[in-house]
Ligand SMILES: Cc1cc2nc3c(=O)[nH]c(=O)nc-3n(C[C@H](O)[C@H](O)[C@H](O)COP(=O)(O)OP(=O)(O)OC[C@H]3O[C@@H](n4cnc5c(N)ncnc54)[C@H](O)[C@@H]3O)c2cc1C
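In C-alpha cells, the next block holds one chain alone, the form predicted alone.
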C-alpha cells in the first residue's frame, strides 16, 4: 500500500470519532508507516457544548463537561492543538491546508469538521446585553447566577435565526427554566416568553409535544418572530413589524456561522457545502470526492445536531476506511437526525422526563411521550460521552 495521509480539521465530536475509528482499524498500517492520520484543532480543551443547556440549573459540574483533547484522541494520531493550528486557508486543488502559525499540511484525504461559531453582531444591540448558555461554560454559569438572583420579572428566550446547533435546546431550556422557577421561586411572579424564528419547533411530532407543553406551562410562545434589533437601554427586543417584547433578563441563542467563514471553500455564512448523502465536498471551489464535510461545519440545509454528527462521523469514517482498503462500494448518510425532548426537569415539585426523538430522510418522527427512564438515560449519556462516543465505540 503506498503511503496515505488523512488530514482531519477539528477535534470535536465528528473529528474525534473519525480519527479514533481509523486509528483503531488501521493501527498496523500506522505502525508500519503506511498511513498517517493528522488532526488539527485551534483549542486544546474540549467542552461538551450540549451539556451547557443544563448548567444554569446546576445539573453538571465543570469536570463533567470538560476534557483535554488528548484525553480522548488516540496516541496513534499526529495531533496538533492550539491557536497556531487554526485553519486560515484550504486549497482543495493543491491538497494543502495552512494554519495561523504558518505551517502547511498536505493530504490524500481531507475531513472538514470545524463546527460552528457565533455572530453576535448580526443582531444590532445584542452585544451590550448578551446572556446565553450556548457560547461557553463560563457564560452558562453566569446566566445561572442571574436567574438565581431574580425574585420576579420578565424573561425572554430569544432565538434570532436558523441554523443553530441543537435546535431543540432553546425549548428544552425553557421547560427546565419553568420547572426551576416553580420549584425555587414564585412562578406567578415571572413571565416567560420564547421568541422563535420558524413556524414549528422540529418535525410535527416534536412540535406537537413542545407546543402543548409550553402552553400548559403558561409560556408566551411566539413563532415566526423576525427580529430587527435589541434595545439594551429600554430592555426590549424589537421585531421587523414593530412588535416589542420587554424583558428584565434576555437569554439569547446567538446567530451561528460556519467556522471557516471567509475562506474560498465556504459559502457567505461560512458553511461548507456537502452532498447530503455522500457528505463529499460540493461547493464554490468545485466537487471533490477526496474531501468529506461532516457535523456542524456542513451545509446549512442539514440540521446541526449531536445525533446528526454521530451518524455522519460513522459514514465518513467507514467510507475513508473503504477508500484506504481499495473498496469501491460506499455507505451513505441516510439523514439520521434527532434531538432529546425534555418534558420536565426533576425538582422537588416535578419528575424529570425525556425522550430521544429520531428521524431520517423519508422516515418521519413517530409520535412519542417522554418518560422518567428517558431522563435518566439522557443524563447518563453525558458521563459516557468522553469514553464511548468520542472514541468511536458507539
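Positions refer to the first chain, counted from 1. Bear in mind that the values here come from a model prediction, so they are computed numbers and not experimental data.
Absent from the display: the form predicted together with this ligand. The rest refers to it.
Partner contact region in the predicted complex: 161 to 169, out of 146 to 154, 180 to 188, 234 to 242, 161 to 169, criterion any non-hydrogen atom within 4.5 Å of this ligand. With the partner omitted here, the residue from 92, 87, 249, 214 that has a non-hydrogen atom within 4.5 angstroms of this ligand in the predicted complex is 87.
The partner is absent here; in the predicted complex, the one residue of 257, 130, 307, 137 having a heavy atom within 4.5 Å of this ligand is 307. Using a 4.5 Å cutoff between non-hydrogen atoms, residue 115 counts as a contact of this ligand in the predicted complex. For the chain shown alone, residue 350 is not a contact residue for this ligand in the predicted complex, no non-hydrogen atom being within 4.5 angstroms.
Although the partner is absent from this view, residue 52 contacts this ligand in the predicted complex, with a non-hydrogen atom inside 4.5 angstroms.
In the predicted complex, at least one heavy atom of residue 340 sits within 4.5 Å of this ligand.
For the three marked residues, 73, 109 and 282, no heavy atom of any sits within 4.5 Å of this ligand in the predicted complex. Contacts with this ligand in the predicted complex, taken as any heavy atom within 4.5 Å, map within 8 to 36 to 10, 11, 12, 13, 14, 15.
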